[in-house]
Each structure stands twice: as C-alpha cells, then as structure tokens.
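Single chain ahead, written as structure tokens, the form predicted on its own.
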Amino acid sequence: MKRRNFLKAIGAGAVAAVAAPAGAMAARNRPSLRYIRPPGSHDEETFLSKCINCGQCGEVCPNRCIKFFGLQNGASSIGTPYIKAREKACILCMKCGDVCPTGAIPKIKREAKAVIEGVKMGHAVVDRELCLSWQGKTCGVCYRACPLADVAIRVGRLEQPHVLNDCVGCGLCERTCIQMPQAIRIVPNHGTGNG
C-alpha cells in the first residue's frame, strides 16, 4: 500500500470513529463484500496475520485484478489485497506468490497440478435459472474462459456448465458470463460477505 493511501485510510478511520455511532462502527468492521484473496493465499486468519500490506502482489499482477481494501471491509482488512471476480478475475499467473515477502501468498508453480492442489480461492456455483445453457440456449462462455476446462468445469448438452471439485475459484467464468446478473458466481472460501 502506498504511503499516501495508508495515511488517507488512517485519517478516514479516525474521522469515522469520531463521527459514527458505536452500532454503525461495529457494522463497518464486519466484512460485507464478496471477494476472493489472491491465488494460494492462506486461510483468512493466517493470511491477515502474515500480510504486511506491502502492495507487491498488486504491482506484479499482469491482469491488474488485485486491489487493496480501504475501510470498506473493516479495520482488519485495511491495505490487504483482494479480487472482485466480476470486475476483473485472476488469470492464475502465480506471480503474486513469487513476490510476497512474508508467505501470506505462498509460491506455487504455474503448473496445473500445483495450481489445483495449492489454490483454493473459492468455488464456482451455477444458477440454472439464470444460465442460458440451462434455459435451452447454447452459451458455453464460462467453459471457454476457464483455464482448467474439463478439470474445473465441463459442459453437457447445450454447453450446460457442470462445476467440478477441482475448481480453484479464479473467477474467470464469473467475469465472462454474459448474463446480468451473472449466472455463475464464485463463492469465496473465506466465507465472508454475500455481495
């Protein structure tokens, strides 16, 4: 996190603490966003204890999908990296783990087996009521976007998507879904939010 942004976040937090009633402050500290952590990140508690908010993961990300929390996800998340798949998904380049100085995002080789074993960002879920292929119209966009096609997702008749156990939750399926709202969404493994 850049120093200027850090100071802004601290200043905004101080103003909010003085201005907000206790109930509103408690609500602000509860995670409310649906997000995923960078690929390979530890469980939420371990991740938060190891992440030093250096910002290197976001700087190295070639897809520019890694963002950093301000106050919107509670005080414990300030400056930590996150990804909102619908806005910009992870391409599983695994560069973020290569530069993480603390191991909050462990190094994982960019090989299918290593990624499947080491990355558990979340899991895709299909809403059959919204999915065009499940409504009788061939689509298959999510399948073609998946970097682990036939391993994480397969398609049936009319390209109906079936998410498999090896889905790592990168979010490329959610990002490319042409439905509004999206018919396939990533349910984060850290279990926060529903947004």
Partner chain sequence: MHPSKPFFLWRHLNKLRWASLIVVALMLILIPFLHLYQTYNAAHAYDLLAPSEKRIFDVMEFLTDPFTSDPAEDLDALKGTTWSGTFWGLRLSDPLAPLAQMAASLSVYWPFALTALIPIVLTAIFGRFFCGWICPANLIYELNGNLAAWLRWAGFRTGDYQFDKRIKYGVLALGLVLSAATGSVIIAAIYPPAIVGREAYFGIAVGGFGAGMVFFLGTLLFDLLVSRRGFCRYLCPGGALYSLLGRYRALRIQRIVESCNDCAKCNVVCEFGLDPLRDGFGQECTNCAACIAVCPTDALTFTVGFRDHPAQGPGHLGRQYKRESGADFEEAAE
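Every value quoted in this text rests on a predicted model; they were computed, and no experiment measured them. Residue numbers count along the first chain shown, from 1.
Same protein, other form: the form predicted in complex with the partner chain, not shown, and the subject of what follows.
Chemist: Ok, 128, 64, 162, 157: which has a heavy atom sitting within 4.5 Å of the partner chain in the model of the complex?
Modeler: Checked against the cut-off, the match is 64.
Chemist: With the partner left out of view, is residue 95 within 4.5 angstroms of the partner chain in the model of the complex by any non-hydrogen atom?
Modeler: Taking the distances in the model of the complex, the answer for residue 95 is yes, it comes within 4.5 Å of the partner chain.
Chemist: Is residue 86 close enough to touch the partner chain in the model of the complex, meaning at least one heavy atom pair within 4.5 Å?
Modeler: Judged by the heavy-atom cut-off of 4.5 Å, residue 86 is well away from the partner chain in the model of the complex.
Chemist: How about residue 150: is it within 4.5 Å of the partner chain in the model of the complex, going by heavy atoms?
Modeler: Outside the cut-off, so no.
Chemist: Mark residue 139 yes when one of its heavy atoms lies within 4.5 Å of a heavy atom of the partner chain in the model of the complex, and no otherwise.
Modeler: Heavy-atom contact with the partner chain at 4.5 Å: absent for residue 139.
Chemist: Quick one: 53, 60 and 99 and the partner chain in the model of the complex, is every residue within 4.5 Å by at least one heavy atom?
Modeler: Yes, because 53, 60 and 99 each have a heavy atom that approaches the partner chain to within 4.5 Å in the model of the complex.
Chemist: Which one, 128 to 136, 141 to 149, 64 to 72, 164 to 172, holds residues whose non-hydrogen atoms are within 4.5 Å of the partner chain in the model of the complex?
Modeler: Contact-bearing stretch, as computed: 64 to 72.
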